[in-house]
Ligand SMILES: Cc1ncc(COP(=O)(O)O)c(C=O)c1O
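The chain that follows stands alone, in the form predicted on its own, written as structure tokens.
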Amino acid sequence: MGNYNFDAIIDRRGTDCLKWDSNGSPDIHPMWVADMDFAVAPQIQKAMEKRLSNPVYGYTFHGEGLINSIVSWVGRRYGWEISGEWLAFSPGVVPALSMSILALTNPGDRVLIMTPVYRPFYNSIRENGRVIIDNPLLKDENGRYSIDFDLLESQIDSRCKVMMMCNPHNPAGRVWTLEELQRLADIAKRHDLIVISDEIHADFIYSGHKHISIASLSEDMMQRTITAYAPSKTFNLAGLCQSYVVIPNKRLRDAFMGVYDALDLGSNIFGMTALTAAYNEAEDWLDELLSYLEANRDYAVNYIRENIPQIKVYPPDGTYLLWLDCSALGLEKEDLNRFFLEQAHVRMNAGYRFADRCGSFMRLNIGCPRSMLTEGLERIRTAVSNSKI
């Protein structure tokens, strides 16, 4: 028995919670947006209460304590020794992606992404007037994804300036290996690409796998990479809007900060307080959480394989997201999404939002107490078994 109770049910309804209060019906069981249903670590709550007790919440800055906590965390958890001078900040990883695109490319430049991938990748490129190069990941018969390196390199031309990657990958759940990252690094060097690496799920790594930041591979990669992290997924702090980026190259960092300053983005004092407390005091909470989530993953995968064989699932290397192949149900895109909403009363993320070709996929969030996970899976099992599709 650990020190923390991840089986506790927290009622989030009525708190303007996106996950629970925006579903259109109280009957919907939400297993969609990447937001966990666990109480934050008590160390974080205590630090927030202490800061709240000082009744002035004025302008603030990124102080030495915050920076030192980040430097120490990245070194301990990811094995990458960074300097505090390399840090820049953002209200979230998604804004950091857009700021990076704006800072380092021009309208019409091409940006390579590996798909299916988190929807904001598309938006950060397309909505800022850049052009997407879609490199489809390969998928074997077991549902495991890999990179088609030959195709990827063939898609790069003189107009391609950036490769944007996701590690661990959302929604495929892959934790890229050293060998895979080295091949990407070699390609980036050959074609003089800037790499933007979204590593927001870097703390969710399961047994047998290891997170490696691509920037940490060599001096060359450090000088061409922007790496985005945040405590928001790890410690369930998304509402506090605090993330950071590591940019060793001063030219790239100055360009990023130019966009940041132009937007006049301030800092959330409570987000900074929570980040510092999480990284300095709540590591044991995370370690227990990882054990719980890995058990959730194994439970969900076994349940689906034994009780819902019409749905194919592969255990992810990392993240708390399952990528479900529902092609045997014979439904696509909104018809599939509607089936789960109306028949199972379960909300997941529709696969076509990650790639047009993934209309028969759904993404399921297992970051919740086991009883809530069981309820959602049983609803899906009943709907599929009762359907005539």
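Heads up: residue numbers just count along the shown sequence, starting at 1. Bear in mind the structure is a predicted one, so any value in this text is a computation, not a measurement.
Just so you know, the form predicted in complex with the ligand exists too; it's not on screen, but the next bit is about it.
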Residues 95, 118 and 198 all lining the ligand in the predicted complex, heavy atom within 4.5 Å: yes
So in the predicted complex, does any heavy atom of residue 344 sit within 4.5 Å of the ligand? no
Does the ligand come within 4.5 Å of any heavy atom of residue 232 in the predicted complex? yes
With the partner left out here, check for me: in the predicted complex, does some heavy atom of residue 34 sit within 4.5 Å of the ligand? yes
Just checking whether residue 170 would be counted as a contact of the ligand in the predicted complex - the rule being heavy atoms within 4.5 angstroms. yes
If contact means a heavy atom within 4.5 Å, which one of 126-134, 100-108, 198-206, 253-261 is the stretch that engages the ligand in the predicted complex? 198-206
Would you mind picking the one in 163, 166, 300, 222 that has a heavy atom within 4.5 Å of the ligand in the predicted complex? 166
